[in-house]
Each structure stands twice: as C-alpha cells, then as structure tokens.
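Presented as structure tokens, the chain that follows is alone, the form predicted alone.
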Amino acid sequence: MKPTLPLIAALALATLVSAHAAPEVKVIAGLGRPVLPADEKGTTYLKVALTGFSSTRMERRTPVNVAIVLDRSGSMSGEKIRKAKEAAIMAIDRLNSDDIVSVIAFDDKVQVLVPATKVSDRAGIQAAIERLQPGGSTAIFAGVSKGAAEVRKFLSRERMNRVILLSDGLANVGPSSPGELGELGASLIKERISVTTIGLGDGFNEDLMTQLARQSDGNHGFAENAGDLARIFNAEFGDILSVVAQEVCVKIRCAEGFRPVRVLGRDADITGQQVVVRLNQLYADQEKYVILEVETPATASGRTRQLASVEVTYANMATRNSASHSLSVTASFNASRRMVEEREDRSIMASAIELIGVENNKRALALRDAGKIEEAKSALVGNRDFLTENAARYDAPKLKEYGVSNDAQSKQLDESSWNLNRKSMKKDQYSREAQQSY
C-alpha cells in the first residue's frame, strides 16, 4: 500500500525536526565489570564518557578570549624567541575578527604588548609580537597573573577564556613553587579561566607547569626544541577553536553498600556516597571521561542491583543553554567466574588499566627523583609487563604502546638523559590522565 499524503508530510516533518535538533554531548556510563563474583566483596570501575558533538553542527563556533604569555628571559634568545614569535603569529592568524586576544611578555618584569582587543588589526598585533626581544629573569607567576587580568576584561560565559603560557626557564622572580602556581591555577578555574602551559627545552620546571595546567584544567605541551612550537601551538588552537561545552560537572552517587574508592587520574570531591568531578571544557568529537573505582558488597548470585546514578550537566555552546543527562548503572552478581570474565567490558577495563599504569609510572619517577635508579628501572619494567599482559587480555593496542614507552623510559634513567626523559614522562602522564589530544 502506498503511503498517504498526510503520512508523507509527517515523515518529512520528522526528518526536518531531526536534522535541526539541537546538538548534545554524548554521555555513556558503564562498568568495566558489569557482572561481579557472587557472595564476596569485589571491585569494579565505573566509566562516565562524554563525547563532544561535531563543530559542524554549530551555527558559529565558540568565540575565543585568549591571552598569550611569552617568556622573553635571556635564555629565550636566538632561535627560541624567533620560533615563539612565529608560532604566536600563526596561531593568531587562525582567529576571527570577533575573537579577543592579548599578548604579554615577561622576564623579571611584565609588559603588555597587545592589550585585550578584538582581532581586527592583525598587522598591528603581528608588529607588536615581532618587536619582542629577550631580556632578564623569569617571573612566571606575574606573567600568568597579567595574562589573566587581560582575559578578565572580556570574561564571559559565552567565550572560551584561556591563558597560554610559554616558558623555557625556571621561575626565579616572585612565587616560584609548583604549589604556588597550582594555587594560582585553582583560583583561575573558579573564574572559568584555564591555563595551558608549554615548556620549551630542558630548563623549565615540569612539576610547576603541569600543576598550573592541571589545577585550571588546561593542556600541557612539551617542546623539546623550538621547532616543535608551531606544531604545539597549532594543536592547542585546534582545541581552543573547537569548544562545544563548558562548565561540565559529573556527579556520581553510589547506591547504599557500594563504596566509592577513588577517581583515577582526575581530582575529585568524594563526600560519603557522592563523587563530583568538574571539567572546564569539552572539545568537538573528542572524548573525556571519568573512571571511578568502586568497592562492591557481597551479594547473592542471580541478583541485579543499582550501583550508581549519574548526572552530567554542562553549558551547551551551540544552544547557549544549560543541558543535563541522567543515567542509572546496574551490576549483576553470578557464581560463575567464567561468566564474570566473559562479561568484562574490554574498552572500559583498558581505560582503567591505562590510568593505573600512569600511577605506576609516577611511582617510578618518584623513585628516580630519590636517586633509586635500579628500583625505578625495576618499577618501569614491571609496569611494562603489567601493561603488556593486559593489552593482550583486553585486545588493547594502546596499552601495548604504553608498555613499549615504559620500557624505553627504563633505559633513560642515567644523569645524561634523565632531565629530558623526566619532562617527557610528566607530559605523557598528563596527557593520558586528561585525555589530551596532543
């Protein structure tokens, strides 16, 4: 039977509505072990994954309000300052005339080269950057603070607000410890300002740079040489220009009897049965996730119980409205060990194993810092074996690649190679925990 005209019209209308439906962040929650051993306490991993919708579904991208803070201390002379200026100019060329940019330079003093302004006079902005010359010491705290002050001039929930810091040296003027810079980052994120840090060469403090980025939910890049700067700036602005959601909050409430143990790789507020994790932004087509380790109670075989409820809220930058998703996660219990193993979610388990591998990698780094080279090597080799074994179990090439990386790191612990190896390890740890794209 041929469809009637009213039916055809209804189908056409449904198709039109679907095509113009507001884009939403995809939210999925699941368990690494959805089936648990019966009649005994156990452990599982709850993963809440958020994937940004495509930027092609936005009428216009999220406008940007960015401060570029450049180290111009004496150590930045020569190719470093030249490549830094080239990378900054290249990045600014990707902005629209309605975006906001400011450029700050610092040595022992801070100078605003370009006050926060719309990117309309590109030639003037470029000329100001080109005039940059290296000078004295390194006042990182003051430089970032001034960058944040410029961002505040146009601070808005409708914009992506970020400070990008590039430095090749140790902070030696003003507050200079990782803790102090971390506190600065933590204060800025409360204003919805994130800080991306880019360390250049072998002289910067990677603990300071990663703390500042982590506490403000920015990115962290490591440029082993000046030639890497263009690639890193390009990747960073690729993220900045693809923000689809901001002010992301993931709330997990574990049911009675299920104990939240820890969140892997991210800072979290765990109060009783409730876990809260906040992310400043989500990028188009990229996945960010939260993995919660949960202790499960002894339960009779054959039972299914609600393990947790999940609520995700965020500011949708396509609709300019708040959005929310609510999900429920259940676990079942079975006396068959074979059933428990067969029902494991390989993808979720691989994600959890990777973050546990990062924790093992951090312990190895701490051992090397304490001068215990052989113990650090043993820890890295052990982590290699742990990752390789689970790569085979869960068919996870990413775990295999991480095992290879740990093996290579175990061979670069001597004094001649440790400085750069440490920076590379810190960058890798950061990227894996934050699910950073570069």
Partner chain sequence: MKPKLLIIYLLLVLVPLALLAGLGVRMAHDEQTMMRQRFREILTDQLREIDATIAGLVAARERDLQQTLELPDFDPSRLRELIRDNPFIRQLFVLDKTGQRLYPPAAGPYTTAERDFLERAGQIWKDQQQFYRNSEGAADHGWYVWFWGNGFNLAYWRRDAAGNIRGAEVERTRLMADIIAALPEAESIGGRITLADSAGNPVYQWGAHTPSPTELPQATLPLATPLNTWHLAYYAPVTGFGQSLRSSLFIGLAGIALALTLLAIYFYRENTRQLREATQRVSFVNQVSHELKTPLTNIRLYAELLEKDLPETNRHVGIIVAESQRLSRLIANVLRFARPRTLHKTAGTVDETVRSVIEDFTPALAAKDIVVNFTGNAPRPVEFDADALEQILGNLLSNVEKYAPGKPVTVTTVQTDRETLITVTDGGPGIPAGQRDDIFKPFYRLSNKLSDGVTGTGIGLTIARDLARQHGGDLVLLPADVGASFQVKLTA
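Just so it is clear, the structure is predicted and the values come from calculations on it, not from any experiment. Numbering follows the first chain given and starts at 1.
Just so you know, the form predicted together with its partner chain exists too; it's not on screen, but the next bit is about it.
message: Looking at G203, P134, P175, G257 here, can you tell me which has any non-hydrogen atom within 4.5 angstroms of its partner chain in the model of the complex?
response: Exactly one residue meets the criterion: P175.
message: Only one of T319, Q286, N334, S187 gets a heavy atom within 4.5 Å of its partner chain in the model of the complex. Which one?
response: It is S187.
field: Listed range touching its partner chain, judged in the model of the complex by heavy atoms within 4.5 Å, from 321-329, 214-222, 361-369, 103-111
entry: It is the stretch 103-111.
- request: Answer yes if any heavy atom of R152 is within 4.5 Å of a heavy atom of its partner chain in the model of the complex; otherwise answer no.
  value: Contact with its partner chain, yes.
task: Please check if R346 has a heavy atom lying within 4.5 Å of any heavy atom of its partner chain in the model of the complex.
output: No - in the model of the complex, heavy atoms of R346 and its partner chain never come within 4.5 Å of each other.
message: Taking any heavy atom pair closer than or equal to 4.5 Å as contact, tell me whether S145 reaches its partner chain in the model of the complex.
response: Close contact exists here: in the model of the complex, S145 approaches its partner chain to within 4.5 Å, heavy atoms only.
query: Heavy atoms within 4.5 Å of its partner chain in the model of the complex: does A268 have any?
result: The answer is yes: A268 has a heavy atom within 4.5 Å of its partner chain.
field: Contacts with its partner chain in the model of the complex, stretch 323-341 (heavy atom within 4.5 Å)
entry: Contacts from 323-341: none.
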